[in-house]
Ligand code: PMP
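Quick setup: one chain, the form predicted alone, written in structure tokens, and binding and motion questions come after.
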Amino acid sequence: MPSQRQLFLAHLAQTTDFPMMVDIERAEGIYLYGPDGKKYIDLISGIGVSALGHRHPSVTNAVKEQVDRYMHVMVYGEFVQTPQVQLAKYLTEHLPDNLDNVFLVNSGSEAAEGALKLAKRYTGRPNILYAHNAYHGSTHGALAVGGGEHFKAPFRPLMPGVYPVRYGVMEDIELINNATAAIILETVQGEAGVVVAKKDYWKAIRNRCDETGTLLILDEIQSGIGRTGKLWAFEHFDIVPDILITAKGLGGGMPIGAFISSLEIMKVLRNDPILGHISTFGGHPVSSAAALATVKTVIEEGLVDKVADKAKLFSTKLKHPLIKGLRQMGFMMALQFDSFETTKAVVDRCTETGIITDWFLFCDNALRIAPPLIITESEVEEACDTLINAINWVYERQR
């Protein structure tokens, strides 16, 4: 009889030749559990997804209640479905006034695709600017505005009219011009290894977009829903985007994404042609119910306000000769090492000793830390102690 691991390799399409192969039987809070009872701290929240950890009661109860009412009943945008309506209403109540219209989709990649289409349709312009080392997803349009040529080259030709800028570099702001439909940027660059631009850069970007009639798309797929110590990362910089992208942590473990803009901008998708953007499963009612429960819990339990102190505890505890630096914005952290080989060794040792972590697509000599927002101070200390022990184990073998 083949094992589950053998079946996994035989029948599930793989994304690499070296999957982590961690067998998970159940999950709760910040912990994952294997069939043998082995416990792992999920220090990356399933890559930014599990903002409330695993199986948070508010989320599971919302899912169960909605399943008992109805699941899919009609493609997105036709029927009045209470979970979608209530989620959109709640999101817009916690956003600036111009972000009052929500298009629900299934993922971050889909949200990026929708935002790009919306910008081109609204402005009637052909060009999109994006940043080096950006990551907005792996579908064709999202990939086209991603920053890693290594990932793009095998799939060319991609979407035309896209041009790179250097993230955080003031001189490149002048590349925004009257032919630019939008510039799409991560408020905090995730896969570049937690790179944050300065406030004056963001102010200059906003001003240049206003001068040229260009739409500013901010991707908060990773940085949104409280991860940086604000509900939305753009709040740190006193700017407001024209289009906001969110996903990952939004669903509390269920698949959902959204692109959010003003009613004035969003309504262009209604006609010429009608159905300018459509989705069969976008804003699935069960996912929408989970998302509403997630965002309400994050806000009403004050989890956003607790990020800064717990993030500081991470930075205080994570000291070791192998660690060359820590880039951090709240619960988005990149622990820098000297090489990919060191990072990989630490990640492997962490997995062996009970911590799930990994590296970044465009910064493979740094280790990702992005814990669930619910992590307690004692759990932070437990995670840091285990992580330092793993780093020290690698250090001793390198000497």
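One rule holds for the numbers: they count along the sequence shown, beginning at 1. Every value quoted in this text rests on a predicted model; they were computed, and no experiment measured them.
Unshown form predicted together with this ligand; subsequent notes refer to it.
- Contact annotation for T228: none of its heavy atoms lies within 4.5 Å of this ligand in the predicted bound form.
- Interface residue remark: Y130 is not counted as part of the site for this ligand in the predicted bound form, having no heavy atom within 4.5 Å.
- In the predicted bound form, Y135 approaches this ligand with a heavy atom inside 4.5 Å.
- Contact check for A293: every heavy atom lies farther than 4.5 Å from this ligand in the predicted bound form.
- Heavy atoms within 4.5 Å of this ligand in the predicted bound form are found in one stretch of 217-225, 70-78, 119-127, 284-292, which is 217-225.
- Site annotation in the predicted bound form: the residue of T297, Q328, Q84, S107 reaching within 4.5 Å of this ligand with a heavy atom is S107.
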